[in-house]
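Just one chain is shown here, as structure tokens, and it is the form predicted on its own.
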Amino acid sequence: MRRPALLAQLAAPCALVVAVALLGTLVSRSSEGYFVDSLVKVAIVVALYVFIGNSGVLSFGHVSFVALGAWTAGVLSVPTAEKPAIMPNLAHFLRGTTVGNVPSLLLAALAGGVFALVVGLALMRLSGLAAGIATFGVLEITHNVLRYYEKIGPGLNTFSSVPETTGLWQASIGALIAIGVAFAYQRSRFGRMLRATREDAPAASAVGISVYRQRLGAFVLSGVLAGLAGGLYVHLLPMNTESLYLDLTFVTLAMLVVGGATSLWGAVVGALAVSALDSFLAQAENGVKVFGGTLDLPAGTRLVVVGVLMALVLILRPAGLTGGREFSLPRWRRP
């Protein structure tokens, strides 16, 4: 592929992220949070793309890596003096340890990657429905452990006292890192081999490609990116285990499907498009002025609308808004 076309594939999603960040600086402080949230969602959806998009194997368990990353960064960044009040049953080695913002994000990424490795060693031999059910089981187990085991976090309580350091630019940098890593992976020989297994696993095995090893490598890499996104998420707003469970799983998968699951460009476009719609509907559930009137939607409308949108995209344009293709420069015809 020619160098300008290759650079465009990386520059286009990065430019979209930077444009959203710049736009976020022009809105009110109360609305800025929606832009920051959308940029963190970009990092999560790109993490999904690294595995799902390249392997073709559906995973419902990636939010468990986001949750573990959030718990790791949250527990380690809460000031030591405040831990006994909000996490009285915390394990001793966690109770006396506090790290800064950047180290907490690095440790969150590490935790996500290690957990993905442990899980992937057993699950990456599965495909199709079996893989989807098994990864959903991982999500359920992770959710219940974080919810009820107070030795490693606040349990049923909301995570409070975590420094809110994820602003527009830190979220943008996190999204750009995820995009850069995903682009480098998909252009590498490992990414090409994994996509070969997606297109025809028996043929790929016949030429010496290990389907298991390639899937495991992508699963671990996506776990690292998901853990990093979880660290960004917990530094954005107070959350509990329900914030990192089924709703987030459904919305992020919808973003990937709507944008186009088989391209990085589609992952970024889908994340930002559905985030914009989701944010507007979330505001409308609390009442928002539109064309001189007030739009007041019942609670839960946003999930219904996103579900309908995903169904329509699957029916009318199965490859997503981008057609599952990367961004390409227009071709000018010679007269």
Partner chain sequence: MILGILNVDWQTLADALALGAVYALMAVGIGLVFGVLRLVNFAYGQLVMAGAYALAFASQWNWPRWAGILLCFAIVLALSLVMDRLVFRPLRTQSPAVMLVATFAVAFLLQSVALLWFGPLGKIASSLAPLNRPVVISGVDIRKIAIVAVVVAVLCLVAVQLLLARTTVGLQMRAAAMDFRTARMLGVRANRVIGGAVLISGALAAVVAIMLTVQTPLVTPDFALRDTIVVLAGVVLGGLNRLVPATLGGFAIGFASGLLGGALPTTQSQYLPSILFAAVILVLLIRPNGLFTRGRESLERV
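These numbers were taken from a predicted model, which means no experiment stands behind them. Positions refer to the first chain, counted from 1. So that the term is clear: the rigid core is the largest set of C-alpha atoms that superpose within 1.5 Å between two forms.
What follows is about the form predicted together with the partner chain, which we do not show.
- Residue in contact with the partner chain in the predicted bound form (any heavy atom within 4.5 Å), chosen from 239, 109, 253, 75: 253.
- Listed residues 179, 216, 257, 162 were compared with the partner chain in the predicted bound form; 257 is the one with a heavy atom within 4.5 Å.
- Within this chain, residue 22 is remote from the site of the partner chain in the predicted bound form, having no heavy atom within 4.5 Å.
- Taking the partner from the other structure, the partner chain in the predicted bound form has a heavy atom within 4.5 Å of a heavy atom of residue 129.
- Interface membership of residue 90, defined by any non-hydrogen atom within 4.5 Å of the partner chain in the predicted bound form, is ruled out.
- The closest heavy atom approach of residue 188 to the partner chain in the predicted bound form falls outside 4.5 Å.
- Only one of 96-104, 140-148, 180-188, 80-88 lies within 4.5 Å of the partner chain in the predicted bound form by heavy atoms, and it is 140-148.
- Contact with the partner chain in the predicted bound form holds for all three of 58, 122 and 304, each having a heavy atom within 4.5 Å.
- Contacts between 7-27 and the partner chain, taken as any heavy atom within 4.5 Å in the predicted bound form, involve no residue at all.
- For residue 299, the Cα coordinates differ by 2 angstroms or more between the shown form and the other one after the core has been superposed.
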